[in-house]
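First comes one chain, alone, set out as structure tokens in the form predicted alone.
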Amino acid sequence: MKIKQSRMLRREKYQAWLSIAPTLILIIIMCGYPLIQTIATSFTQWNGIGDPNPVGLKNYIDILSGSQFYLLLKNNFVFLLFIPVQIVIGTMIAVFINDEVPGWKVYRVVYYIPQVISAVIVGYLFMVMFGYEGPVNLMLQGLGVIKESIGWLESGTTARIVVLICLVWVNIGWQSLLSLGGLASIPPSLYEAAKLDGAGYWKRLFKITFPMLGRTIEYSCIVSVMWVFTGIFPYIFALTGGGPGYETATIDYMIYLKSFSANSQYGYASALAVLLIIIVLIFTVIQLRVSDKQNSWEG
């Protein structure tokens, strides 16, 4: 009997591996090969024409010894500031929608609209809104807040603020939807027991709702950090073009510039891409470690 069971288990394992083999092979071909090619190219000097010229660690030394890389890294860190704002606003919207405030079905659709609009269109929209004669300046002048128009995109500090506002606006809908899923998993019996104990709305909110959304917020943080390092390129491209200078440029934007400019530097861009992968992996591991420790304390 045991022999038959072991044979059945082996057969099931083989069938499982065979069923996922096509997908695994496709992933290896589509992701593994470009990754290996990028790593190999990062040790060369190549403009995309002719044979690559091996230069060893020169690209990495040039990147890490220059100041430009640290400016790009700083910009990425600055743009991480949108995450707590996104989580707070998105979660509060989700709570109101979950409580079915008047018009909640309409709000649920409206807040998610930025997610389905093209990133380039969103970038151009904010570029126009914060332009020298854009609606934001006109509104502030009409309210008497400012006397003259502000060049929002002409200064590094204000340009970063505009990018942060753009990122928050785009991601509120995603965060709301994610938090709604987390709210749906909270047992109603907890709220009923709290009501019987005399807990008011705000006490239930801070003692039950927010603590129970801990896992949802952890997931949101991990995904958002990865997105800031790898997914905001189209917004930067359309909104500020990395300017003024490189004051709003990010690592992934610089990879684009070095790859597709008139004087292409594919080796340098590949080295930047490898460093970006390492940074994202480090952040992901740190967040997962912190999450595991928190879960062990809760256990």
Partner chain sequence: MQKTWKNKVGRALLVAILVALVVVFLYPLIFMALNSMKDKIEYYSNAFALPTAPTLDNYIALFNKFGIGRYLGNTLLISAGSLVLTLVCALFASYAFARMKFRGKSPTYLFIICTMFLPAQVIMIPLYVMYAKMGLINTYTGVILATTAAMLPNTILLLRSNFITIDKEIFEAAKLDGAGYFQIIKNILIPLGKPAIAISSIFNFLVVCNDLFRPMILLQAADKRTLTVALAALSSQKFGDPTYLFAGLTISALVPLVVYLIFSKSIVKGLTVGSIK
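We call the rigid core whatever largest set of C-alpha positions still superposes within 1.5 Å between the two forms. Residue numbers count along the first chain shown, from 1. Since the structure is predicted, the reported quantities are computational estimates derived from the model, not experimental observations.
Below, we refer to the form predicted in complex with its partner chain, which is not included among the displayed structures.
For the options V88, I146, A193, I113, the one in contact with its partner chain in the predicted complex, meaning a heavy atom within 4.5 Å, is I113. Under a 4.5 angstroms non-hydrogen atom cutoff, its partner chain in the predicted complex lacks Y60 among its neighbouring residues. Under a 4.5 angstroms non-hydrogen atom cutoff, its partner chain in the predicted complex lacks F69 among its neighbouring residues. When contacts are judged by a 4.5 Å heavy atom cut-off, V55 does not count as touching its partner chain in the predicted complex. When contacts are judged by a 4.5 Å heavy atom cut-off, A273 counts as touching its partner chain in the predicted complex. Contacts to its partner chain in the predicted complex (heavy atom within 4.5 Å) from stretch 226-258: M226, T230, F233, F237, D252, I255, Y256.
For I286, a C-alpha deviation below 2 angstroms is recorded between this form and the one not shown after rigid-core alignment.
Once the rigid core is overlaid between this form and the one not shown, L190 counts among the residues whose Cα shifts by 2 Å or more. Put the two forms on the same core and the Cα of I61 is off by less than 2 Å between this form and the one not shown.
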